[in-house]
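Take a look at this single chain in structure tokens; it is the form predicted alone.
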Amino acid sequence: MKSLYGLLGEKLSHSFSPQIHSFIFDETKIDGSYHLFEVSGNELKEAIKGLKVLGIKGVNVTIPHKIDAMKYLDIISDEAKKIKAINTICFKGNKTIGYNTDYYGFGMMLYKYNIDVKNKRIVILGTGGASRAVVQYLLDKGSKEIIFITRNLKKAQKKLSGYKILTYNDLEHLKEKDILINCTPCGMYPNVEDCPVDKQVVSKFKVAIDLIYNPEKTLLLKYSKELNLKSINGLYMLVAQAIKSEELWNNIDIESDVVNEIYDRVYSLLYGGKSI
């Protein structure tokens, strides 16, 4: 009998998660199926109860439920407590356990591309949900300096007290740093000619990471390539966080060569050809 998994969110028709998990099932020989569960906010509590009753082994959680879902779980993992958001639920016995696998996916991406964040000076574009797991990982791994860039300074200061926060207008005066990370949707398809910063700002860094994966090369990453910076998009993180979810749901460790094979299949499906 197949094990059941899925994605819990509000609008899921364009989700790529079922295809990624089908590749994971193929490569790991897990006998599973992955489904989309569209649920509104006022149905969330009952939906989690219902999934538990149905015998679902685990679900991923996406917008807008990553924070609210925490209220209805029995246990929250350490990284999710610090991030204050989950994206994965495991149903273990009679317990529901929340994790944030974006945290691990981001770390796996850095390891894959040999990016060391310890003692590095890092600038994060955006203060929304995508930045939560990123900044927690950077803090845990000993980054020397973290600066947030926002369009709404007052709002960001309330949300991120204790962090250095600047506006986009401040970037022209910014001194050289190590790593630039885009955690905004600016430049995502179909708005591929948009970029959160100009090329002159990008030139102040050694590494550029854009969590967007559609298109393969955002304008930000095109700038960074032209400047000969190390440039990475968010596809490996997307795949890695899905793989971490499967590891948690099934109490297994998936070898790195299998992870890379799954990534290559996803890359080929999205972009054509082989990953570099």
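Predicted, not measured: the structure shown is a model, and the values here were computed from it. Heads up: residue numbers just count along the shown sequence, starting at 1.
One more form of this protein exists, namely the form predicted together with a small molecule; it is left out here, but the text below deals with it.
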For the spot marked by Ser3, Leu54 and Gly58, is every residue within 4.5 Å of the small molecule in the model of the complex through some heavy atom?
no
Residue-level question: is Leu238 within 4.5 Å of the small molecule in the model of the complex, judged on heavy atoms?
yes
Would Ile86 show up as a contact with the small molecule in the model of the complex if we use heavy atoms at 4.5 Å?
no
Can you tell me if Lys159 lies within 4.5 angstroms of the small molecule in the model of the complex, counting non-hydrogen atoms only?
yes
Hey, in the model of the complex, does Lys204 get a heavy atom within 4.5 angstroms of the small molecule?
no
Among 113-121, 75-83, 90-98, 184-192, which stretch has residues whose heavy atoms lie within 4.5 Å of the small molecule in the model of the complex?
184-192
